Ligand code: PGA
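So this first bit is one chain, no partners, the form predicted on its own, shown in structure tokens.
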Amino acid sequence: MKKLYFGTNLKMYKNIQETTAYLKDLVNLTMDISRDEIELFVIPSYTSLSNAITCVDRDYIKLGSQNMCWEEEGQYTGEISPLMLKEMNLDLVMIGHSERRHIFGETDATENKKVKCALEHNFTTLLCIGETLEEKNYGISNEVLRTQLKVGFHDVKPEHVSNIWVAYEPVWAIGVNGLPAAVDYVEEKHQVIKKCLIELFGEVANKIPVLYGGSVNPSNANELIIQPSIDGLFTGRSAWQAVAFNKLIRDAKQAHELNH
């Protein structure tokens, strides 16, 4: 039975007190689930990170950063360096979230610099990719995903594969107004992603978990997790209450076990 990945990005929600309460509840609710069977991770706001790392046993929940500069230090006002994140003993760095790309104008080349820097500093590196609705309607989703992967992982060596995760998040399926993608569409895109990763890294790329995020909720999580190319769920607002996320995880895990 393969390990399943469950995670959430808290975006610009939850203050320090709310974040620590959420994390403590999530640990208590899920601690009986073997971490050989699931990998659970949460990506809080920067201001909550220092408190988060003191309140969570990292054997139960991995903690990550929502973004990172590609330089260790310098004149980059408002940025956070890998050394600063390393000092906090974080596990993971998320790079290329659609909001970073489409609201803040980050390019594939920018994400590539960040990916290489994160891997050089031995972080688990979660690269987010996804097509816009316009690109989907033009029928170029596969090309867009392959470009984001090929540029994002340009010059990354196969020996770094053990620290690479990928999250597929169609831009049109994210957020308050997101439209949940059809399960067969998601599986098809995951197959495209996995094939491209093998082109980039060889067969060792089969070890790279590819997670789906985009209006994941209790009504579609079970059907998504049983798809052969989906290794985990990167859940948004449906995960922001610990009790609800715990139930989603348990239900999805059970669905997967019944189908494999």
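Since this is a predicted model, take the numbers as computed values, not measurements. The numbering used is simple: start at 1 and walk along the sequence shown.
Keep in mind that the form predicted together with this ligand is not shown, yet the notes after this line are about it.
Q: Between the options 215, 66, 48, 30, which residue brings a heavy atom to within 4.5 Å of this ligand in the model of the complex?
A: Comparing distances to this ligand in the model of the complex, the residue within 4.5 Å is 215.
Q: This ligand isn't shown here, but in the model of the complex which of 106, 99, 187, 135 has a heavy atom within 4.5 Å of it?
A: Spelling it out, the residue with a heavy atom inside the cut-off is 99.
Q: Tell me the stretch among 201-209, 229-237, 30-38, 188-196 that has any heavy atom within 4.5 angstroms of this ligand in the model of the complex.
A: Answer to the contact question: 229-237.
Q: At 4.5 Å between heavy atoms, is residue 174 in contact with this ligand in the model of the complex?
A: The answer is yes: residue 174 has a heavy atom within 4.5 Å of this ligand.
Q: Taking any heavy atom pair closer than or equal to 4.5 Å as contact, tell me whether residue 11 reaches this ligand in the model of the complex.
A: Yes, residue 11 sits close enough to this ligand in the model of the complex that at least one of its heavy atoms falls within 4.5 Å.
Q: Is residue 169 close enough to touch this ligand in the model of the complex, meaning at least one heavy atom pair within 4.5 Å?
A: Within the cut-off, so yes.
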